[in-house]
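A lone chain, given as structure tokens: the form predicted alone.
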């Protein structure tokens, strides 16, 4: 695991991250291979992002005797917020790791001319009860310009979620997106598997892996 100059940005260095990144970068990999490697990467990143969830001591009865053990504390509500549609690749894995978490979808698409996000769906409540005791993990495989990520973070902050309880998880990031988020939200935790070189004129990460949503859902234009 490598932490950059900003202590809240963590690049998870792991052989399995490197291997599976190589798989999903390959334009010739089939759909199953792409999806399976995305799931493996998502698993590693979600485990890293939830490393510091608070624990609470319980007493359980084993087949042999009673013992004290730890479970995730019920002091906080956990929310996974995938940015549709590609974020589903991470939320599907996250909900298996923490089945009691709430999945709250936010939907944006990128205007190809302005590269700005256009909202089309928001499954978050109008108002959160006790937002100080909610931990939110925003999920999007690609942190490119950072505009969609910025909009999602702003959404939760406006509803009272504390910045220290927000984590952004991306599989692949660009310096542009990292810079935007760390500039405006210096205390936001960012977990990613790789920070690539740059963005091209169309706002795609270079060398990147293309459009994650199209590759996940086979929606390439013929």
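Predicted, not measured: the structure shown is a model, and the values here were computed from it. Positions refer to the first chain, counted from 1.
The same protein also has a form predicted in complex with a small molecule, omitted here; what follows describes it.
Heavy atoms within 4.5 Å of the small molecule in the predicted complex are found in exactly one of 76-84, 122-130, 139-147, 92-100, that being 139-147. Shown alone here, residue 205 lies within 4.5 Å of the small molecule in the predicted complex, counting heavy atoms only. Proximity of residue 105 to the small molecule in the predicted complex falls outside the 4.5 Å heavy atom cutoff. Not displayed here, the small molecule is approached by residue 212 to within 4.5 Å at the level of heavy atoms in the predicted complex.
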